[in-house]
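Next comes just one chain, in structure tokens: the form predicted alone.
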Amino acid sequence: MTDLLFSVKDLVVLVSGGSRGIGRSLAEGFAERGSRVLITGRDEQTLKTTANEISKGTIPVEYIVCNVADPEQIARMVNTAVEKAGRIDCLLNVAGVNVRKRVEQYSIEEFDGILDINLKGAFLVAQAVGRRMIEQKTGGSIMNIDSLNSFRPLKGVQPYAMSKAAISAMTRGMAMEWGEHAIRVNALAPGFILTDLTKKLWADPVMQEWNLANCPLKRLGQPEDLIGTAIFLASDAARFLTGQVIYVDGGITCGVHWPIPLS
């Protein structure tokens, strides 16, 4: 028997940054469960390929080209999504970038580029979708992508960590203001997830050994490991849950692992 409490069938789901990695996996997870999914990203060919590959059932995944560093493109993207689907029930606010360097080595241009997409872009996308949801008067669910860096910053990614710490505050603030409109705003904070962009990093045996020593579940995460939590947050099962950051990280933020034997 299917439990409709966790159903996302017929929801209109907009995935910002949905052409690859975590965004693609989440988009596919919703499409497989009967949602009408629209994905966005900067490269049209990549979007087109992804949309074709993850389309499931009778409702094809559609795509909209959008660079979230450009406010005008964000406005057009949200308008286009509503024109195509009639409404937006759920936003997955995934688009993000990172540059690994020491603090003293970042240029102003690199700093601005990271914050423009990860923070300003995420805010403007959520703001534009939130406005639509308020107008619709039907509520909705917004999920921002946070990071374990907002819990404990890693070395070499300071602007990224700053942007994700701000996403945590943004999530709680939006939840407080939009709760009266039945709009729930939460954040997913992935741990170390193996994607095309991180394969080179995690191919290093030293990094693999470190993860095995520090992750309670003794493995790297896969993009599909986030699908269940996202489905839950979008469904009626989470109808009284808002303003939360949920760490989907294999337990790596549980505490500090130190090399003292327990027996």
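Start at 1 and count along the sequence shown; that's the residue number. Given the structure is predicted, the values throughout are model-derived calculations rather than measurements.
In what follows, reference is made to the form predicted in complex with a small molecule, a form of this protein that is not presented.
Taking 90, 126, 81, 145 one by one, only a single residue has any non-hydrogen atom within 4.5 Å of the small molecule in the predicted complex, and it is 145. Only one of 229, 235, 214, 198 comes within 4.5 Å of the small molecule in the predicted complex through a heavy atom, and that residue is 198. Residues of just one listed stretch (81 to 89, 168 to 176, 102 to 110, 187 to 195) have heavy atoms within 4.5 Å of the small molecule in the predicted complex: 187 to 195. By the 4.5 Å heavy atom rule, the three marked residues 20, 66 and 94 all count as contacting the small molecule in the predicted complex. The closest non-hydrogen atom of residue 42 lies within 4.5 Å of the small molecule in the predicted complex. Although the partner is absent here, residue 117 lies within 4.5 Å of the small molecule in the predicted complex, judged by heavy atoms.
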